[in-house]
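The chain that follows stands alone, in the form predicted on its own, written as structure tokens.
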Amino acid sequence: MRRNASIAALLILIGAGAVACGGSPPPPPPPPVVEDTPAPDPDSIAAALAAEREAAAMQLCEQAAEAVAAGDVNRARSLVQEINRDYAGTECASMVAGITAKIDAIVVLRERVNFEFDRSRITDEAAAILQRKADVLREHPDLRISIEGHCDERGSLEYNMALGQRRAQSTLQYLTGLGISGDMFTTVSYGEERPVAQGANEGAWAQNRRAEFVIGNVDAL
């Protein structure tokens, strides 16, 4: 009986030893190999930034050109100022002179001519304005301009319609006298229907006695 107990105890000790030897955890895996990441190339970074700057500038140039085509000179000037301020040295910046020339041409062509009371003759001041217009028109013979004659509120509607037409025709004749083709123009009278200044006083009337110039095809600039 004691012999059997001794054998059982021995077997238990052998089993425990076997468990202890055979149950050890596997060794941990080796750490991953980390490859060295090359440092960014300064030249590549600079090229990418330059390309991004060029693209942003060109977008502004396209917007400025669209504003010119729409006749929105205020927006076009604002965009040109932004280009000059923030994007000097870009391809777009080299195009600014051409855009500015178109803006200036639109301003000159739109400048009003004013008249004396109940008169349609071209004054010295009006002549100087028309001379500037002629200089632009010679450079852009494909332009088409509508000359609109206007009056102040004094006089009958019929009289002012006729006076407005005489003013438009007088303006046209002066321009053709400077060598500008009459084919570039149409004339129309609005009489007193479209005042630019409100008020029954000489200040308002002087502004309303005028010829306006509407560019029919700005894209010809």
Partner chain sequence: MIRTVRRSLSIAGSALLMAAALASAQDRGDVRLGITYTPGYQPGLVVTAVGAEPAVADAAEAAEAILRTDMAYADRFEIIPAPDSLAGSGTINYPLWNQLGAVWLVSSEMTGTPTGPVWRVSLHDVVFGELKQVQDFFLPAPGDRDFRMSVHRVSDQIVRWATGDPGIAATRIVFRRKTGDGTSDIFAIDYDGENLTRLTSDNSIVYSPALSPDGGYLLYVSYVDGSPKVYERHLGSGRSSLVSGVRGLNVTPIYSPDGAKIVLAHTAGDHTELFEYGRGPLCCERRLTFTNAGETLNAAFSPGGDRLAITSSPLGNPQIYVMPAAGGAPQLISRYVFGERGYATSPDWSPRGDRIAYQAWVENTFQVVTVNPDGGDRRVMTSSGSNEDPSWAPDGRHLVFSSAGQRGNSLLILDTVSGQVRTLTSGRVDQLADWSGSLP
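Positions refer to the first chain, counted from 1. Since this is a predicted model, take the numbers as computed values, not measurements.
Below, we refer to the form predicted in complex with the partner chain, which is not included among the displayed structures.
Asks: Out of the stretches listed (97-105, 84-92, 124-132, 110-118), which one is close to the partner chain in the predicted complex, meaning heavy atoms within 4.5 Å?
Replies: Answer to the contact question: 110-118.
Asks: Taking the partner chain as it sits in the predicted complex, is residue 193 in contact with it (heavy atom to heavy atom, 4.5 Å or less)?
Replies: Residue 193: yes, in contact with the partner chain in the predicted complex.
Asks: Is it the case that residue 156, even though its partner is missing from this view, gets within 4.5 Å of the partner chain in the predicted complex, heavy atoms only?
Replies: Residue 156 belongs to the contact set for the partner chain.
Asks: In the predicted complex, does residue 69 have a heavy atom within 4.5 Å of the partner chain?
Replies: Output for residue 69 is no: heavy atoms all beyond 4.5 Å of the partner chain.
Asks: Does the partner chain get within 4.5 angstroms of any non-hydrogen atom of residue 174 in the predicted complex?
Replies: It does not: once the partner chain is placed as it appears in the predicted complex, residue 174 has no heavy atom within 4.5 Å of it.
Asks: Would you say all of 161, 166 and 188 touch the partner chain in the predicted complex, counting a heavy atom within 4.5 Å as a touch?
Replies: Contact check passed for all of 161, 166 and 188.
Asks: Is any part of 56-94 within 4.5 angstroms of the partner chain in the predicted complex by a non-hydrogen atom, and which residues would that be?
Replies: Residues within 4.5 Å: none in this stretch.
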